[in-house]
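Presented as C-alpha cells, the chain that follows is alone, the form predicted alone.
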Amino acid sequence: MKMTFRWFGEKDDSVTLDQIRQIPGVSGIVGALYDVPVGDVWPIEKILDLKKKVESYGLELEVIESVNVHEDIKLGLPTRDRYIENYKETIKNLGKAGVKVVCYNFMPVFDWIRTNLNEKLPDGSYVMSYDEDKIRGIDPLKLIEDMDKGSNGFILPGWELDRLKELRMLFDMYKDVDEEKLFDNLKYFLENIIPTCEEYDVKMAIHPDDPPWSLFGLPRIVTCKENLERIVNLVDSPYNGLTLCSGSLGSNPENNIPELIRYFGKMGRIHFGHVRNIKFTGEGKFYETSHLSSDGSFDMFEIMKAYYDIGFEGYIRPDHGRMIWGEKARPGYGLYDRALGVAYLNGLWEAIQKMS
C-alpha cells in the first residue's frame, strides 16, 4: 500500500508540498494539470514540470486525479472520436512521465454533489453535508451558485464554472441518454483507450458516482456492486479498474465497503482507494466527518483490514476532511484533518500487519 495526498498545485492550493512531505508515511501526491481545458491533450512538458516539482520535495507523482472526460464522450456525440484521440495522447504522455494510475469519472454534467459545504459540527469544525430533501427542491443553477459561494474562493474539482456555463443545453442533450446508453458510451470510450493504457502501462480507475444515485433526472451508473462488475467486464483488462471510494459508494448503506474491497480486490481491479468516513443522519442525509470510526458510520478498521487481506499494493489517500483549528482551505481539502487521517489510517495498517 502506498499512502498519497491530493494536491491542487502551487497556484490553487492552501497546502504546500513542503507541508505534505512532513506528514509521516506519505510517499507521493495525487496531482493533475488544472489549466488544460477539458478535452485538450496534456502537454508532456507540463506533466514533466509538475513531476519535477513534486520530486524536488522527495515525493512521487504516480497518480493523476483526474483527466476529465469530455461531455461529448459521455453523450456519445460524433465529435467524441476527436476527444478520445486527445485522451489517448494524454495517456501516452502520462505513461512516458511514469504515471501509473488515472482516476476519472463518468458522471453526466455534475461531479460530486453536496448541499452544504460548510456545515458546523458541535465540536466547532466545518464539514460538507448532503440532504436529499434539499436536492429535490433546488434548481440546478441555484446549486451551482451555492457551491461557488461556499468554495472559500477555491475552484472545486469537478465544478469548474466553464464546464457548467451551458447547463440548460446539457440537460436538454441528456434527455435521450439513459443508463443503458451511458453504459454503451463508457464501453466505447474504454474499448478505444485501454489498448493505449496497456502499451504505456497506465491503469484507468473509474471513480464512483457521488452520491451513487440519479440526480436531476441524469443517469448515473457507477453506483453499486452489480454495476461495478459490469464496468470492469466492459473491457476485460487489468488496466480497466476502479477507484474504490468508501464515502461515495458508502453513502448508500446497501453498499458494503469491506465486501466490495475484497470482491474486486481479489480480481485485481482496485487501483486506487479513497478512504473516508461519513455519518448518516437520515435516509439520503449525511455529513462528512473525521476518519475515526467512532465519529462516523463506517468501521474504518474493517475497511483497512479488507485492503490488507487482499494484499493491496496500490495507492490510497485520505479523502475529504473537516476544516479544523481555524484553517481556511478548499472545502474537504485542508491540511490538518487529512494529515490526521493519514496518521490514523497508517496506524490501523501497522496494527493489522502486526496482528497478522
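Remember, it's a predicted structure, so these values are computed and weren't measured experimentally. The first residue of the sequence shown is number 1, and the count goes up from there.
Another form, the form predicted in complex with ligand DNO, is not on view; read the next lines as being about it.
Per-stretch contact check against ligand DNO in the model of the complex, the hit in 297-305, 313-321, 51-59, 37-45 (non-hydrogen atom, 4.5 angstroms): In the other structure, the partner sits against 313-321.
So, D111 and ligand DNO: in the model of the complex, are they within 4.5 Å at any heavy atom pair? D111 belongs to the contact set for ligand DNO.
Is R80 close to ligand DNO in the model of the complex, meaning a heavy atom pair under 4.5 Å apart or at it? Judged by the heavy-atom cut-off of 4.5 Å, R80 is well away from ligand DNO in the model of the complex.
Is the gap between H207 and ligand DNO in the model of the complex 4.5 Å or less for some heavy atom pair? Result yes; H207 sits at the interface with ligand DNO in the model of the complex.
Is there a heavy atom of S251 no more than 4.5 Å from a heavy atom of ligand DNO in the model of the complex? No, no contact at 4.5 Å.
Under a 4.5 angstroms heavy atom criterion, identify the one residue in V99, I193, L143, M107 near ligand DNO in the model of the complex. In short, M107.
Within 4.5 Å of ligand DNO in the model of the complex, counting any non-hydrogen atom, which residues from 59-92 show up? Counting only heavy atoms within 4.5 Å of ligand DNO in the model of the complex, the contacting residues of 59-92 are E65, S66, N68.
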